[in-house]
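Shown next as structure tokens: one chain only, the form predicted alone.
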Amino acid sequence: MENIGIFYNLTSNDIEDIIKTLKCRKLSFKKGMTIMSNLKRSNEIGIVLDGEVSLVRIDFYGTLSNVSTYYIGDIFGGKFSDDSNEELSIIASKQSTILFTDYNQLIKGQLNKTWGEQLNENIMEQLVSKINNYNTRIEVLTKKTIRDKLLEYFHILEKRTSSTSFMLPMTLTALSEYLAVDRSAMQRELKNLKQDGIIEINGKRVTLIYR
């Protein structure tokens, strides 16, 4: 677990002590299982140790939509959710392992002096990362057309990886939800971008050709 962001720069002994002190629980979930419901009313937070989970909203008509996707190392829960709407749940997108703790234990608990300061620093880093990700998505969503949204997102990944060839960090379905566009329309635009000689796409690998 040393590779998980919240445990950065902590030893395996520190991590064991943290799990014991914060009364953490580690649970596994099969794909499609509900991990947490009524998110805003929950005081628990979860840390993705393995797999992938989705924050989903159920609207007035019972339609389920993906709001956000959390990957290994990400933190979720009522205090860390992406929306003020109470009709939010966390669903396992694939087989996943989650470490749970109580928010008050994490923030207000008696933290060991040897690891407490580093743990708090790591939590702040996670929050700053979330804010940066929100700002990035807002920047992408301000673009008016699907093509412009795709290209803006690809250029962000180009800067992030320092390469014109990179792997998409999510599935095409998750990407369409991230861009707030219809998946079929997005796939047509990806095909158009390829035909226009602007990108090459092979599976989840995208290469920018003309900029």
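Throughout, we count residues from 1 along the sequence that is shown. Just so it is clear, the model here is predicted, and its values are computed rather than measured.
FYI, the form predicted together with the DNA isn't displayed, but the following is about it.
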Notebook entry, point to check: Quick one: of R183, K26, K30, R160, which gets a non-hydrogen atom within 4.5 angstroms of the DNA in the predicted bound form?
Noted result: R183
Margin query: So the DNA isn't shown here. In the predicted bound form, which residue out of L49, I146, V56, I35 has a non-hydrogen atom within 4.5 Å of it?
Written below: I146
Next item on the list: State yes or no: in the predicted bound form, is some non-hydrogen atom of L172 no more than 4.5 angstroms from a non-hydrogen atom of the DNA?
Entry: yes
Check: Applying a 4.5 Å heavy atom distance criterion, does E189 contact the DNA in the predicted bound form?
Finding: yes
Notebook entry, point to check: Any of the heavy atoms of K204 lying within 4.5 Å of the DNA in the predicted bound form?
Noted result: yes
Margin query: So if I measure heavy atom distances to the DNA in the predicted bound form, which of the stretches 69-77, 122-130, 87-95, 137-145 falls within 4.5 Å?
Written below: 137-145
